[in-house]
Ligand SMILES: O=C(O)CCC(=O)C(=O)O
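Here you get one chain, nothing else, as structure tokens; it is the form predicted alone.
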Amino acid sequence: MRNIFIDSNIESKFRKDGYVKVPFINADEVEILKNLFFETLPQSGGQITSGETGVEQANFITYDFTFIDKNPEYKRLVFKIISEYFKPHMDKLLDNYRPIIANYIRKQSDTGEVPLHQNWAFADEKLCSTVSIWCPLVDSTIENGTLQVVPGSHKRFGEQRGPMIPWELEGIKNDIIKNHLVPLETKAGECVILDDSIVHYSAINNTKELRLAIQLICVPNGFPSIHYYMDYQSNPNEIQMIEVNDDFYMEFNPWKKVETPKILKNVSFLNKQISEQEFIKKLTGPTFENQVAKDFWFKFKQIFHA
């Protein structure tokens, strides 16, 4: 099992809970990154709206992320800025990871809800873990819509995750928000590092001040970055696992079909919704990684006893 963190104590807590909160950048860096957000904002092309995705099933977008900006050059600029400031700090924590996506996340007053979700899968999570470094540039509180997570929910749901793939937790989202979330109030400059497969959410900003945060998504070196794609209209029972390069995330409208894809494999898909009771049970069940080990030993024993 590949290490995620350099520090074994952080590693142990992360594998148990699916996230850790640690000090990250200093107060001067917080102010610089905050100022750079406003300085570069005029280069933004504006957010892709659900009506502009070209896909009937695209969800209404309620949040303001750099990743869904219309201007690829603005996305590249933000990626360069955030990566340069974050990388020295992430290299002290993460064991040989590289950044692939950078976001300024802006919540203006009375808006900015990020629906309950898991991040897309950016690598084969049976073999490794991808992480998001989430760092608020102002103190993040329950009142201004801080990050909330379901501890221990990582690598247990939605193994193949992408923009057009139905989610097995869709029917119980309100129950999870009501009964299972833990809010992570976080000071400016601290960060929460979370497994991209953890179930998480953030509510609207109920204050009069802007809530600004940064997200940097990282994958381990030595593993290809992937994108799961489903053509829901032509074949809703199959998912393509596509290998992509890092520039894919700068140019791509994530809801549209990949041109000339490098398909690693096709995966059968059954659109099954689970109940809240099943959700609770799976929280203590095997992870994707553990299931790989279990399948290996089962096959090994079959061969040994043959």
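For every residue, the number given is its place in the sequence shown, counted from 1. Since this is a predicted model, take the numbers as computed values, not measurements.
From this point on, the text means the form predicted in complex with the ligand, which you will not see here.
Q: Is there a heavy atom of S202 lying 4.5 Å or less from a heavy atom of the ligand in the model of the complex?
A: Taking the distances in the model of the complex, the answer for S202 is yes, it comes within 4.5 Å of the ligand.
Q: Within a 4.5 Å heavy atom cut-off, is Q215 in contact with the ligand in the model of the complex?
A: Output for Q215 is yes: heavy atoms within 4.5 Å of the ligand.
Q: Taking 4.5 angstroms as the cut-off for heavy atoms, does F65 touch the ligand in the model of the complex?
A: Contact with the ligand, yes.
Q: Taking 4.5 angstroms as the cut-off for heavy atoms, does I101 touch the ligand in the model of the complex?
A: Contact with the ligand, no.
Q: Out of 230-238, 101-109, 84-92, 152-160, where are the residues with a heavy atom within 4.5 Å of the ligand in the model of the complex?
A: It is 101-109 that comes within 4.5 Å of the partner.
Q: Which residue among V78, C191, L147, I226 has a heavy atom within 4.5 angstroms of the ligand in the model of the complex?
A: Looking at the other structure, the residue within range turns out to be L147.
Q: Could you tell me which one of V138, C128, V114, I172 places a heavy atom within 4.5 Å of the ligand in the model of the complex?
A: In short, V114.
Q: For the ligand, considered in the model of the complex: do all three of F5, K21 and N96 come within 4.5 Å of it, counting heavy atoms only?
A: Not one of the three qualifies.
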